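As structure tokens, one chain now follows by itself in the form predicted on its own.
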């Protein structure tokens, strides 16, 4: 109990390995009057470590803070490197990047929906969402050969082309997810318990969302139709028709609905990308020449495969660049500075959870303690992202 008569409650840290943090809550009875998210328990120092690594080695490093959406994290960094190098990936590679980014978005949303479900007491919603997420992880594994951290995009293109069976596997996944959505409507979306816990709770107004720099579905659930894929198209998004999922209510329920809507929209984007994808190379020509001999050895099982020399000795000219992408949780921005050496001089990697930290802090006060889990889960906040 504080001198003013308030109760000081410490929540966490409970599981530092998976990204939980300490949250300090000041209570007047059961009403929250102040809230401090105490970040830093899973600090990964990736921005500083990146200065000690080769450009190619930073690809898997920068996927770690956004582990449940590593495809989009990978893309944000690679676009910045390509701007330094003045390299444009071939059209086919751009479409493959779009497919990977949207699969990663779906997996991220299912992760967030599962976490929100368990926080409001729906173990069924948690198990369903995490189980369905495996379907899309499997598709990304088909594309990249990896399960969670894909490192699929490299400067100049992507590592691998689509496997022959991918299209049919995705068609099955899309049919399943559309059928499954009707089940989600019954068990979560239209469930009276879900609506009672989420509707009218944690309302974020359009004005406050803009003022606090909110990003991603949390911003769009407050009536702001802002999406980097539309505002500043990258990869193949300029050639693909899709709608921005927007709600006006700004509450926990609206944030949940936006994520479900975006999953359905991502399925349409991938279908269009698979239909429109052009034939051709998956790497810029100068990189392809270096990688092809090593790829042949990999297929034949001969020799030791090393990084292509052109990647190991990558020395972008001096300069600074800025890139951004729309990940599942919101906008990722990368500020990259080169001094002409094989390692970045400076890297600033700003994640959506870091951007949404101010929203998280300011949105909690004024609510009852029982509403805290619902607001926390609806924001899809991922502590390792802020602790980058």
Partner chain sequence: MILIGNMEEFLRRAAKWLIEKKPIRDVRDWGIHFSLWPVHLTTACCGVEFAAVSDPKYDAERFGVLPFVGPRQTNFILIEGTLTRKMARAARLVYEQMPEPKFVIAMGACAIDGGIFWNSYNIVRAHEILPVEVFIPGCPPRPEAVIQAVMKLQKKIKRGDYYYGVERED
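Numbering follows the first chain given and starts at 1. Bear in mind that the values here come from a model prediction, so they are computed numbers and not experimental data.
This next part talks about the form predicted together with its partner chain, which is not shown.
Which of 134, 199, 185, 168 has a heavy atom within 4.5 Å of its partner chain in the predicted complex?
By the 4.5 Å criterion, the partner-contacting residue is 134.
Looking at 261, 191, 149, 272, which is the one with a non-hydrogen atom within 4.5 Å of its partner chain in the predicted complex?
Going through each option in turn, the one that passes is 149.
Given its partner chain in the predicted complex, answer whether the residues 237, 247 and 321 all have a heavy atom inside 4.5 Å of it.
Result no, not one residue of the spot touches its partner chain.
Which single stretch, out of 330 to 338, 23 to 31, 58 to 66, 356 to 364, brings residue heavy atoms within 4.5 Å of its partner chain in the predicted complex?
Only one stretch qualifies here: 58 to 66.
Taking the shortest heavy atom distance, is residue 212 within 4.5 Å of its partner chain in the predicted complex?
Answer no; every heavy atom of residue 212 is more than 4.5 Å from its partner chain in the predicted complex.
Does its partner chain get within 4.5 angstroms of any non-hydrogen atom of residue 126 in the predicted complex?
Taking the distances in the predicted complex, the answer for residue 126 is yes, it comes within 4.5 Å of its partner chain.
Residue 347 near its partner chain in the predicted complex, any heavy atom under 4.5 Å?
Residue 347: no, not in contact with its partner chain in the predicted complex.
With heavy atoms only and a cut-off of 4.5 Å, decide whether residue 39 touches its partner chain in the predicted complex.
Because a heavy atom of residue 39 falls inside 4.5 Å of its partner chain in the predicted complex, the answer is yes.
For the stretch 72 to 97, return the residues whose heavy atoms include at least one within 4.5 Å of its partner chain in the predicted complex, in the order they occur.
Heavy-atom contacts to its partner chain in the predicted complex: nothing from 72 to 97.
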